[in-house]
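Given as structure tokens, the chain that follows is alone and in the form predicted alone.
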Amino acid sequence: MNHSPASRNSQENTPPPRILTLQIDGQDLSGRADETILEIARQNKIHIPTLCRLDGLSGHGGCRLCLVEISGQNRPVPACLTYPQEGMVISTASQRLQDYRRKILELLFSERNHVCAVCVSNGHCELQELAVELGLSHVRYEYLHPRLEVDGSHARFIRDPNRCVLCLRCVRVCAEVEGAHTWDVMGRGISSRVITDLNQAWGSSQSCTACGKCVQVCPTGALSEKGTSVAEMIKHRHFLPQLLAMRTNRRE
């Protein structure tokens, strides 16, 4: 792509992001001011659990599993949306944070109908993997057991809202990568639902391109492909790192 002289001069005159020093879990690290705490942690092989975050998509901060503690602040903050400041001291795995994360997972399991034994994504589900990672063996809250209608109207795919965790990955990938804007959210709080178009059946959508990107980024079995077995539900997200690299090059 050719850039005008004015555009090139603007890029050349843009100062590079500041490099900050900070501490995460006792490690002295450095990172760019335009990188989130989660990005800096991952670059330094520090694991912070997350469910709604996916490289290549915009930050959402909905799942709250990536909460971290910052010295001097009373409230934990989402690592995926928080940018560092010089001298920050951050904790990612305190007992308080682990308790928060287990409670969040318990609420996610109790809110919908996550029955791993009969789920098409059993063994390839990020919600299931997080439960194992955090040692969640049972749910202390009462299950709501909503009766949400499964949408099998699409020729290739199935939408099961009983397994949706409202990470909104499908909404973001459809808008930001495919540009179709097929998915959206209806309702508030416990009544929130991911819908196609104006709450129409997926198969009757005029905007869906049937690209399957939404299915590939879904962390659970809420979106799946018809006729696939458990082993075939491994997600392929090769297009997202490529998109991220393109965006990075465009900024530089």
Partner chain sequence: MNKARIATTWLDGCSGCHMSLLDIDERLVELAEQIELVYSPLVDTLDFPEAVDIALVEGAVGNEDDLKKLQLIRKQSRLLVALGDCAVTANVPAMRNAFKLEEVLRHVYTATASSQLQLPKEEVPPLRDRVRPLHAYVEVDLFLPGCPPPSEAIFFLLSELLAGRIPDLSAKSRFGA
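Numbering follows the first chain given and starts at 1. These figures come from a predicted structure and were not determined experimentally.
Not pictured, yet referred to below: the form predicted in complex with its partner chain.
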task: Kindly indicate whether Ile19, Ile37 and Lys45 are, all three, within 4.5 angstroms of its partner chain in the predicted complex, using heavy atoms.
output: no
- prompt: Does the 4.5 Å heavy atom contact test between Gln95 and its partner chain in the predicted complex come out positive?
  reply: no
Partner contact for Gly135 in the predicted complex: its partner chain, 4.5 angstroms, heavy atom: yes
query: With the partner left out of view, is Ser91 within 4.5 angstroms of its partner chain in the predicted complex by any non-hydrogen atom?
result: no
query: Should Ala131 be classed as touching its partner chain in the predicted complex when contacts are defined as heavy atoms within 4.5 Å?
result: yes
query: Is any part of 113 to 152 within 4.5 angstroms of its partner chain in the predicted complex by a non-hydrogen atom, and which residues would that be?
result: Val115, Cys116, Ala117, Val118, Asn122, Gly123, Gln128, Ala131, Val132, Gly135, Leu136, Ser137, His138, Val139, Arg140, Glu142, Tyr143, Leu144, His145, Pro146, Arg147
